[in-house]
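In the block that follows, a single chain appears as structure tokens, in the form predicted on its own.
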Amino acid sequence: MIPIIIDCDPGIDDTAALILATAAAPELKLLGVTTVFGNVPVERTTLNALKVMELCGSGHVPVAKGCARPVLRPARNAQFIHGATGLGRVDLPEPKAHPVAQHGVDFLIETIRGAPAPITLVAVGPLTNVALAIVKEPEVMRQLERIVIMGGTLRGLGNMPNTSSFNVYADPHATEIVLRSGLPLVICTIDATHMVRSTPRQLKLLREVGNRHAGVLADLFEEHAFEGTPEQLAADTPVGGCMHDPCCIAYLLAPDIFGGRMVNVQVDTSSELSMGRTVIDWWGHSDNPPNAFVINRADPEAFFDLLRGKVALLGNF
């Protein structure tokens, strides 16, 4: 059993990560969820996290609202992808639970400090909460088993106009703090997650699982799954919405689905032209020591097999 905390900004793919994490019990023990600005403002990401926890029968899992803005830069969001609510056109019931009174940064610190075994922190949003926890209590954060991060790009094919990835671009200075922390890091790049797309065929197979959770996942990704030409859709080429964040959960459950190596990773915080661009020394040309295990590839069929198998275990709540 791996104890985890998920730091997230739900968000369509964050929702998928939360569902997969709860479905993976007892292999994963979800100790809490912290929220951050990102895909939508933090008030909405927090509400969405509460809704998803209740959907999965995990309303008892504490949800702590974290940072509303980046360390230095103005807040940006991705409502143009995730919709005004962050959940596209999916409307989940209002939750019965409320966020804990503790700020997300303090929740991270105190939960990690008091844990009987090292925790894996899964960070699938901007890294603001994580960076501030490192600055505030570096010794406590060293108790972590590792931090699994969704973001960055090896080849520069980012999902932001300046070729960076959204989670890094949203708070590049926080990313820099985390990369320089010396903590054990796993970075799941969008080079890998772009291989894991919710094509029409995969959505059909997901719906055939037959429970409410699979239906919600299919509904969330459906509006993004049919982006492409008729020829691409007929050939079932990977033109659908990417399962970015759940790849980090899948990595914990089945690391063989993914491939990568230990390398040095830095982030550009000096130029607006390339702000948030991750500089990954894949071939070891520099003298900079490796500071992260970087994932650059994934097996989409194995991922979706895992996702369907775990989600089927949730039954219907």
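This structure is a prediction, so every number in the text was calculated from the model and none was measured. All residue numbers refer to positions in the sequence shown, first residue = 1.
Below: the form predicted together with beta-D-ribofuranose (BDR), not depicted.
Chemist: For this chain shown on its own, do 120, 131 and 147 all sit within 4.5 Å of beta-D-ribofuranose (BDR) in the model of the complex, going by heavy atoms?
Modeler: Judged in the model of the complex, none of 120, 131 and 147 sits within 4.5 Å of beta-D-ribofuranose (BDR).
Chemist: What stretch, of 75-83, 106-114, 213-221, 174-182, brings heavy atoms to within 4.5 Å of beta-D-ribofuranose (BDR) in the model of the complex?
Modeler: Result of the contact check: 75-83.
Chemist: Check whether residue 163 has any heavy atom within 4.5 Å of a heavy atom of beta-D-ribofuranose (BDR) in the model of the complex, and answer yes or no.
Modeler: Result no; residue 163 lies far from beta-D-ribofuranose (BDR) in the model of the complex.
Chemist: So, residue 45 and beta-D-ribofuranose (BDR): in the model of the complex, are they within 4.5 Å at any heavy atom pair?
Modeler: Residue 45: no contact with beta-D-ribofuranose (BDR) in the model of the complex.
Chemist: Using a 4.5 Å heavy atom cut-off, state whether residue 124 contacts beta-D-ribofuranose (BDR) in the model of the complex.
Modeler: Looking in the model of the complex, residue contacts with beta-D-ribofuranose (BDR) include residue 124, since a heavy atom lies within 4.5 Å.
Chemist: Do residue 198 and beta-D-ribofuranose (BDR) come within 4.5 Å of each other in the model of the complex, heavy atoms counted?
Modeler: No, residue 198 is distant from the partner.
Chemist: Sequence order please: the residues of 1-31 with a heavy atom within 4.5 Å of beta-D-ribofuranose (BDR) in the model of the complex.
Modeler: 9, 13, 14, in sequence order.
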